[in-house]
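Just so you know, structure 1 and structure 2 below are the same protein chain in two forms, each on its own as structure tokens.
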Structure 1
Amino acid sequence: MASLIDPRYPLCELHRHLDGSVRLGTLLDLAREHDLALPAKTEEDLAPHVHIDGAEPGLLAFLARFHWLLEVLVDEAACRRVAFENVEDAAREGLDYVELRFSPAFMAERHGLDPRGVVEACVDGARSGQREFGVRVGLIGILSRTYGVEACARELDALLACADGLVGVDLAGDEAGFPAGLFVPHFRRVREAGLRVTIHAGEADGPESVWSSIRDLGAERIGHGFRAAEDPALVAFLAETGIGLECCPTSNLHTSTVRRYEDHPIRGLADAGVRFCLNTDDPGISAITIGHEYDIAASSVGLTPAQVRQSQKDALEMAFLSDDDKKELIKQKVEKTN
């Protein structure tokens, strides 16, 4: 099937973890440079230790897969390199705009880095990448809920110290163990700082997690969110308000939160008028590109070609950009393709 991506319209991805997106070659390079032990010496041999083939039994087992990616984040230069290469990879995939998200506490933990230094390095790397590769970038800071309420307050301090380098803040990690309602004060601070809000919800927990993320934290978009399909009132609310879902179909198979592409609830949600966009989530773990997600959305998930084309438009609509910036992206794309 020909690609459903419209080459004359901006291609945007809104849900990609830069700390879940480290190249195999970079893992090997950094390990060599810093004398770190990896389980293999070539990309081919390293791939099975990093990439998921099949599925992990659940979200937490999936997150344990980040082990080798975190192992090589030895200093701020490594974080800067990973952020820069994420933008280069986005350019190679044909993206015009990408929102890259990262958790400074998660990236800092293994080698005891200063989370504020990690934020500065990611902002610097992404800005350099934007200048070099011509892809527009929006950075989203993550609070890793798995570390608990106090640690997330400190993580937020690090993020807000660089607030002008960010477009928004997210909450990720163990959704079922650390419900959204615990993080009300954190997201009050986020909104007071003028940053936008997206929350991982309705992935490893049910519809109440989505309701709470919207009601208690002010989520304007939901990461994953497909379990909203279990509550007709929530489906109607999402359709009515236009609060959109950042859909990551392959990631959902890899976390065993959806069993098969054919079973993905996004089809019913889209039929009910819920807005969504397509994303890779953690391409360095799932070994996918945005083009792959557009391909399987129609061929395997069963979305209609019209729904997939609409999702490309909604990705730009849902972006944490001003209306003027959205218009500018459309204009630039028309100029590029004429």
Structure 2
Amino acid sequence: MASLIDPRYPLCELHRHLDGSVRLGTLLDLAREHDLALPAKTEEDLAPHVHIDGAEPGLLAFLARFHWLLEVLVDEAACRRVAFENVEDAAREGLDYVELRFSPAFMAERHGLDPRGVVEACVDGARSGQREFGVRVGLIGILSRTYGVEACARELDALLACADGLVGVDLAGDEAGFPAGLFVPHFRRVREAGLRVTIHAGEADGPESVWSSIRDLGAERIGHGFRAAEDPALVAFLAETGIGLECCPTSNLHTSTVRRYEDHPIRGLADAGVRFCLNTDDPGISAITIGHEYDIAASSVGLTPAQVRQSQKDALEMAFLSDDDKKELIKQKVEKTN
């Protein structure tokens, strides 16, 4: 089957967690280097402990896989390596632009690292990867709402200290337990710093979470957001304003927020004119590539080839890039394919 990815147009991914994309080989290397105990000693044997294959989906099973990814983030050098390899993997998948998001507090927690040091390491690793592999990279810092309002303020301090290395800030974690309205002061600071805003919403909680993320926090994009389909007024608003959804179909199956590909609301949202793009979310856990989402997940969801091609164009339109940078990416792609 021919790929639905248009090779003549930039391929962009906007929702990929840096800390959810660690190679099995890197896990083994860092474990040996730092004398850490992993549940297996080969990639083949380690894979069932890290990857979700669809046989046992569910949020708890999904989150449990992060244990081993965080276990090896023992110092800033490990964080830098993971960031660098994320960019290399993006290049291997044919991406022209990728936005990698990460929570410095989440990455720092297991081994008591300094969150600011984690940010600096990720910025340095991503910049090195960009120079080495020619993939343009935008970093998005995450506030992990699950840690609470005060902890997120400290996490934001670490991010803003390195604001020149970021393109935006996200809010992720326990969406229902820590609603967007709690974080209004945080995102006022984000916007004042000149950073863009994307918010995880409308995945574990309903449409009101999406409304609040837009109205209270200034979200320009929504991570996941498929539960917007439950509110016709919200669907119409998204279609009218062009506020897009970062769609992650396979990840939604693996967290059991959607039961089957065929049940995913994105097809109806696309039919209603809502802008969206396709993403891997945590490819190191879901064991997928961006190509899988375009060529397998999208058709399983029921998206038409035209909708998939439009999502590729919308990914660039939704990217946290200037208009000039977007035009340059298109120009570079045309030159490569001619």
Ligand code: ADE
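What we label the rigid core is the largest C-alpha set whose atoms superpose within 1.5 Å from one form to the other. Note that the coordinates shown come from a computational prediction; the quantities given were computed from them, not determined experimentally. Counting starts at 1 with the first residue of structure 1 and goes up one by one along its sequence.
Student: Choose between structure 1 and structure 2: indicate the form predicted on its own.
Tutor: Pick structure 2 here.
Student: Examine A306 after superposing the rigid core and state whether its CA is displaced by 2 Å or more between structure 1 and structure 2.
Tutor: It does not reach a 2 Å shift.
Student: After core superposition, I'd like to know whether L38 moves between structure 1 and structure 2 (criterion: C-alpha shift of 2 angstroms or more).
Tutor: No, shifts by less than 2 Å.
Student: Establish whether a shift of 2 Å or more occurs at the C-alpha of L63 between structure 1 and structure 2, with the two forms superposed on the rigid core.
Tutor: Yes: L63 shifts by at least 2 Å between structure 1 and structure 2.
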